[in-house]
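A single chain comes next, written as structure tokens; it is the form predicted alone.
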């Protein structure tokens, strides 16, 4: 029992690290499931990166649509990234974080376009900014998706 109290801080650190890993994986899996479900629902809203619409002969109204999201990492990913920065290589934890943020911003932009009656968005662009603040903070990113929704006249 004495050895437990002697290494209590290490046990607590490992317990919190395992807890962060489990909760982070669970929340990320739920978010991906939600994203996949909504992507299927909004599959009829098409996105084009080109500046001009595919059909330029039909007159359509235009409206700027945006979708933005602020997404942050958890302490487990931050810990793994800290270890990974010593040896270099890909940081898959942050890649999934940015992937979820980009897809969520796209879905929010599509939601706004559908609310306006549009099924086509052209000139789609993405902007991202790190808003984590000081060096010890958990990384957080703001991702903005924007484009021009083409709305058929009524």
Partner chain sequence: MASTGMMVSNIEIIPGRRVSSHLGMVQGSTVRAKHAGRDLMAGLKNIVGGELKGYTELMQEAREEATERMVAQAKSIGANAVINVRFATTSVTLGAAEILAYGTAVVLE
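Numbering follows the first chain given and starts at 1. For clarity, every value in this text was computed on a predicted model and none was experimentally measured.
One more form of this protein should be noted, the form predicted together with its partner chain, which is absent from this view; the next part is about it.
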{"item": "Contact of residue 47 with its partner chain in the predicted bound form (heavy atom, 4.5 Å)", "value": "no"}
{"item": "4.5 angstroms heavy atom contact with its partner chain in the predicted bound form for residue 80", "value": "no"}
{"item": "4.5 Å heavy atom contact, residue 100 to its partner chain in the predicted bound form", "value": "yes"}
{"item": "Contact of residue 36 with its partner chain in the predicted bound form (heavy atom, 4.5 Å)", "value": "no"}
{"item": "Residues from 13-32 in contact with its partner chain (non-hydrogen atom within 4.5 Å) in the predicted bound form", "value": "16, 19, 20, 23, 24, 27"}
